[in-house]
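The form predicted alone is given below as one chain in structure tokens.
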């Protein structure tokens, strides 16, 4: 899959802004200015604009009344609840998809995407291209949830994905080279394949359980890091997959 230079810059800008928000460098209520951010991130205004729109979709930013964006206020509990709710709804979506049966023409694109995600990993255990992985991961979740026959479940899941860190593409790592990051992504990819297999095999209960466990990767990482802090904070290293 090829990406335009602008798209790559937008993803990097989104990652950088997301890091700053969760580390508390941009607290809730902070107004973001396109020109100033473009200069600070050393990119043009277009990728900054795209990055802010993306973070608004993820629930980290809100559109200001007079135009532009402000950082949204959220708590550690908000993040935990958002992750849990997404897992419940994705589990329901996959169970319904498995029970209804998915045709081969809809499963084949998912399988091809899994191969692209595999290719995003570096050789000899090197960390993956995280921007590429995050984009492909988001596509995967959109496609597999799209198999759900219930419009209500799909629309509610779209709404939940706008909550803080509930988006499947909202990755944040303290250390992009860490062993823990690699282990989490490898496990997540294995779960991706298992979910597709469960839907294809019409194993509804298994598909639901896998989807809920998949979302809990984020919660488990957050809670583990929170143990090191007297006051749990979403600024801790967080993986949302």
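Residue numbers count along the first chain shown, from 1. Everything numeric in this text was worked out from a predicted model, so none of it was measured.
The form predicted together with the DNA is left out here; the points below concern that form.
Visitor: Residue-level contact is defined here as any heavy atom of the residue lying within 4.5 Å of the DNA in the predicted bound form; does residue 10 satisfy this criterion?
Guide: Flag for residue 10 set to yes.
Visitor: In the predicted bound form, does residue 49 come within 4.5 Å of the DNA, counting heavy atoms only?
Guide: Yes.
Visitor: Hey, in the predicted bound form, does residue 31 get a heavy atom within 4.5 angstroms of the DNA?
Guide: Yes, residue 31 sits close enough to the DNA in the predicted bound form that at least one of its heavy atoms falls within 4.5 Å.
Visitor: Would you check, heavy atoms only and a 4.5 Å threshold, whether residue 43 touches the DNA in the predicted bound form?
Guide: Result yes; residue 43 sits at the interface with the DNA in the predicted bound form.
Visitor: Quick one: find which of 146-154, 67-75, 105-113, 129-137 has residues within 4.5 Å of the DNA in the predicted bound form by heavy atom distance.
Guide: Looking at the other structure, the answer is 67-75.
Visitor: Could you tell me whether residue 44 and residue 135 have their C-alpha atoms closer or farther apart in the predicted bound form than in the shown form, knowing the shift is 3 angstroms or more?
Guide: Relative to the shown form, the pair is farther apart.
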